[in-house]
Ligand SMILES: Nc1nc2c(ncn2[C@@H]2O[C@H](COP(=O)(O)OP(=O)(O)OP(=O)(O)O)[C@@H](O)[C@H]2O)c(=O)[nH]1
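Below sits a lone chain in C-alpha cells, taken as the form predicted alone.
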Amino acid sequence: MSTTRNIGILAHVDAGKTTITERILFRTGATYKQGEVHDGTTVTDFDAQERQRGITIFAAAVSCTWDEHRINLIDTPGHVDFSAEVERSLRVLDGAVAVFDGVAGVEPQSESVWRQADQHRVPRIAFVNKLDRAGADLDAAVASIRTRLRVTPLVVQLPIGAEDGFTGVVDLVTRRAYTWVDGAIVEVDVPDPAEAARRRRLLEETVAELHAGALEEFVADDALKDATLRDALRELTGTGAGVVVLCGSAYKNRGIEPLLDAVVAYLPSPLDVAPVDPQRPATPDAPFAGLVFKVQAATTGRLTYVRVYSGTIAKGATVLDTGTGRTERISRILHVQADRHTELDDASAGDIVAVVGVKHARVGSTLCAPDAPLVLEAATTAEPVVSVAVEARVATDTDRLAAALARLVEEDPSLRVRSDPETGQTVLSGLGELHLEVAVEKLRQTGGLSVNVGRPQVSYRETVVAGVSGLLYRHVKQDGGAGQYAHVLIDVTPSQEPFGFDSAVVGGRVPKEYVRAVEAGCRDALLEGPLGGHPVTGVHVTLVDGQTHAKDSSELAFRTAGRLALQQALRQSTMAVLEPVAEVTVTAPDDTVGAVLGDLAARRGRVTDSTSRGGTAVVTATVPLAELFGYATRLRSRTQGRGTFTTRPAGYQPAPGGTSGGTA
C-alpha cells in the first residue's frame, strides 16, 4: 500500500486535465498511442457526448505504474455543471494534481474545485500547464495561486525558454535541467546557474519558514540538503501548509515525467492518510469496508465503483450495505481502465475497483463485512437549480422513459425527478443548463427514446424578511374514537441558516417527544411557501409554549399542529422570493467590452470586477441564473465568436418584485 497513489486531476474546463491524463498513460506504458481531445481519441473521454462536445462530463478511473508505484487516477470534469462528479471523486481520493492554465492562472472553476478539495482535506500539488502558449507566464500564474487560493506556493521548477521557445524545466530540488526532444526527455546543463541558485535559495527560505525541522537545518548550515528539502516538501503537502508547483506543456509532451516523480514523492499513500475509523486500520487483514462513489446503471449490467478503505474483498463474498441493511453478493471484481475492465480475484485496502452483483447500493453507500458494520461519510449532494419538463413523444414509451430516468438518477444523485402535482408533468432537475442537456441527450442515445423537453426553469426559494411572534395555533379534531389535541405557541424570525428550531417551553408543558414532533411538522411546512409554493429557507422557529391533553395528544397531533402553525405564521410574515444567481466570468476582446457590459446589464447583471490583459478583457459579474439561458449564443454574436464565459453558483438573492407583506 505504501507504493499506491490514489489521485485525481482537478482544474477549470479546458486547462488540460484530460490531455495530462492521456500523456501520463502513454508515458507509463499503459497505452501504446497518445489520444487527443480534439480528435475524440482519448482514453478517459470515452462517452459519445464527451467526444462530441470536447469536454469531460463523467469522472473516469484509470491506473498505471511509475517507478514501481501503482497510480490510480481519476480524470474529473472541469465544467461547473458537473461539480458533483468532482465532489464524489474527491471523497475517495488521497491526493490530487491541480492544473492551471499558464496564461489565465487561477480561473473560477479552478477556485471552486480547490475549495472542494479543502473541504475533503485532500493534499494537492499544482501543475502550471500550457507554458508554450503566447502570454504564458509561470510567475503570474503562481501569483494568482497565492492571492486567489490563499496558499503558499512552493515553486520547485523553472521553465527553460518562454512561449514558443519553452523547451524544458530546471528542477530546483535536484539542481538538474531537462529538455524534451521529439517527446523524449534529455538531461542538459542548467542554462542559467545564477538564476537557478537564486530561486533555490528562495525555495529553501520559504520551506524553512513553514517547516520546523527544515528551519533548524537552515539556521545551522545556511542551506538545506536535497533530502531534507524533499522530505519537508512532502510533509508540507500532506498538511496543506504549502503547495508544490511544477510546470510544463502536456500537449507538447513536456513536464510529464517530473510530474509523475512529484506524485510519487510528495502525495500520500493510503497508509499516510488517517484511517476512516480508529478501529478500522487501512490494512488488508482488517475487516472489509468500502465506499460506493459511482454507479453505472446501463441496460447491459450494473457496475458499482468502490474505494476499499480497509480489509480485503474476494469474488463471491457477501457484504452488508449499512444504509439499507441488505446483504449483497459480489459476483465479479473488475480492475477499471476507463471503459475497459479486467477481472480480479480480490481487492484490498487502498484499491479502487468496480464490482458486479451489487443491485441496490447507491452512490454514498457503505459496503462492509456483515459481522463488522460501519457507516462511512458520503459526499454531499448539491441542490438542483434548473428544471425541465420531459415527456415521451410516443405514449407507449412512457414506462420506458420512467425506467430510463430512474437509471439516470441512480448514476447521478445530483439529478432529481418528480411529478408536478398541478400539471402531471415529469420534471427533471439538475445543476445547470448543460447538465440537463447532457442528461436528456443520454436518454435519447442510450435509451433510444424520443422525448419532448420544456424550456428550462430555475428553482426559486422563499425566505422570511420579517417574522411574527406569539402565534397560537390550536389543533383539535374529534371524529369518533381517539381524537387529536395539540396547542402550540411559536415565534418565527429570519435566520442565516436554512432552518433553525429551538424550544423555550418550561415546566414540561410539552413533552420532549412532542417537541420533536413539532420540529418535524415545521420541516414539513417548509416544502411549500405562501408566495408561489417554493421551498422555504432562512427561517428560525421557537416553540414558546404549548398545551396537551391527557388522552388525545399524540406525536401525530403535534406534528400536524407544527406544520399548520408554521404555514399560518408564514402567511402572516413578510416573505420574499429568492432566485439563484451565478458568478459569470466573461473573456472577450477589448473592443467588444461595451457590448458585453450592455448585455450583462440587460440581464440584470451586477459587475464585480473588470481587468484587461494583452488586448483581452475579463469581466466578472453576478447574474440571475434565469437570465443566462441562451447566453452562449448571444455572447458569440456580440463578440464575433471571440468571447467565452464560465459560470459558478453564487447562492440566492431577492428576486425583483418578489416581496409580500403578511396577511391575516
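None of these values were measured; they are calculated from a predicted model. Residue indices: 1-based, along the sequence shown.
The form predicted in complex with this ligand is left out here; the points below concern that form.
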query	finding
Contact check for R5, W66 and H69 against this ligand in the predicted bound form, heavy atom at 4.5 Å	no
Partner-proximal stretch of 219-227, 173-181, 130-138, 443-451 relative to this ligand in the predicted bound form, 4.5 angstroms, heavy atom	130-138
Sole residue of H435, H79, H487, H534 within 4.5 Å of this ligand in the predicted bound form, by heavy atom	H79
Close approach of G16 to this ligand in the predicted bound form, 4.5 Å, heavy atom	yes
S249, heavy atom within 4.5 angstroms of this ligand in the predicted bound form	yes
Contact of A621 with this ligand in the predicted bound form (heavy atom, 4.5 Å)	no
Contact test in the predicted bound form: I55 vs this ligand, heavy atoms, 4.5 Å	yes
